[in-house]
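Given as structure tokens, the chain that follows is alone and in the form predicted on its own.
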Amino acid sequence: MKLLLGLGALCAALFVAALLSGQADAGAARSLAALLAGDGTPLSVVMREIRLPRAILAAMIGASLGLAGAAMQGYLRNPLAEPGLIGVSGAAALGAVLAIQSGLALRHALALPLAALGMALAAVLLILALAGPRGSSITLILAGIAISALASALTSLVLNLSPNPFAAADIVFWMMGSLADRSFVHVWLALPFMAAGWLLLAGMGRGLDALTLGEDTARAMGVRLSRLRLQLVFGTAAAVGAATAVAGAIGFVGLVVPHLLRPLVGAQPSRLLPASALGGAALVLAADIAVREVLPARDLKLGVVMALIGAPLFLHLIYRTRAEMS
């Protein structure tokens, strides 16, 4: 409980800091007053229509990626598992790329995220068809890797054959991940899918705890592994697919955050799920603040910053694990 309270306080502090970050430096008191007043002044518009939805999306995306990563690692009993393993992120990215290349993204504001969500759903159905109704976790991983590789190959093919250099540049920049120019339209589009994903993934706690003792023991305890797998796949697809649809590809959150927090919860999956959700939200909020403060005049991409933060953290975790084993 202390850990959750601490992470919650950290998220709240970073959320306020995210609201106050940006090129329009009007002071904390004045900015927060403009946010609450909503009097139509330029500062109020910036706070309500630009910074607030961006901060909300950062927290939502971080929570989705952290929660999905913890659930994936718990189900597969593999600390190297991460949400992109089942191919949802790659498929969502392919849908967005097709929307940009075809010009639909220019004609309709919501064409890009809707195409990404649709492709993520198609990938889930294909994964379940390949893995089979009673397939093991190994078949699920293999099906996910196959779909991810296919989506990546098709994305590269679209880039390779693109006759429009501007569309190709848009695709490359979108795939780097960003929260710039996002509005409440994106928040309301992603929220229902993410909320459904959160409910499915959060309900896996008891089953994941039993699964740590082995599949046979989990079945003896009354856990339906087929149902648990469906919760994982659909929960990850809804949460991570929506996150990719509105912000592009953002990596390392679902891999690093559960690693950092696992020793603090006694390696108990049911306790790791909410902690990873809050930890993921805090990490993405911090990274988005860095995007706006490090190079405010340049369009620094969130996915790039997350990789720069996540890769050294993961290398440190590998070094620490090796030291503990020696």
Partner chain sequence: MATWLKQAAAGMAFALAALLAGPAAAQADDGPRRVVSINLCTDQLALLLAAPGQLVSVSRLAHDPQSSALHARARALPVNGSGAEEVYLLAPDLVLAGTFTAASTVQMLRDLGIPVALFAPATSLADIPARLRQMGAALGREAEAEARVAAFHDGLAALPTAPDPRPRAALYYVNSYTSGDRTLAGDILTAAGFVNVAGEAGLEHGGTLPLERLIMLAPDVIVRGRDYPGQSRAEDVLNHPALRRLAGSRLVGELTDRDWICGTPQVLAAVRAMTALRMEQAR
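Residue numbers count along the first chain shown, from 1. Heads up, when I say rigid core I mean the largest set of C-alphas that superpose within 1.5 Å between the two forms. Quick caveat, the model's predicted, so the values are computed rather than measured.
Just so you know, the form predicted in complex with its partner chain exists too; it's not on screen, but the next bit is about it.
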query	finding
Any non-hydrogen atom of residue 178 within 4.5 angstroms of its partner chain in the predicted bound form	yes
Residue 37 within 4.5 Å of its partner chain in the predicted bound form, heavy atoms	no
Non-hydrogen atom contact residue 234 with its partner chain in the predicted bound form at 4.5 angstroms	no
Residue 50: touches its partner chain in the predicted bound form, heavy atom cutoff 4.5 angstroms	yes
Region of this chain that lies against its partner chain in the predicted bound form, out of 99-107, 139-147, 207-215, 77-85 [heavy atom, 4.5 Å]	99-107
Position in contact with its partner chain when the complex is considered in the predicted bound form, options 294, 45, 28, 267, heavy atoms within 4.5 Å	45
Neighbours of its partner chain in the predicted bound form among 155-169 [non-hydrogen atom within 4.5 angstroms]	162, 163, 164, 165, 166, 167
Flag for residue 217, CA shift 2 Å or larger between the shown form and the other one after aligning core	no
Core-aligned CA displacement of residue 238 at least 2 Å between the shown form and the other one	no
Residue 107 C-alpha relocation of at least 2 Å between the shown form and the other one, rigid core basis	yes
Pair residue 100/residue 189, Cα separation in the predicted bound form versus the displayed form, closer or farther by 3 angstroms or more	closer
Comparison of CA distance in the predicted bound form with shown form for residue 164, residue 182, at least 3 Å	closer
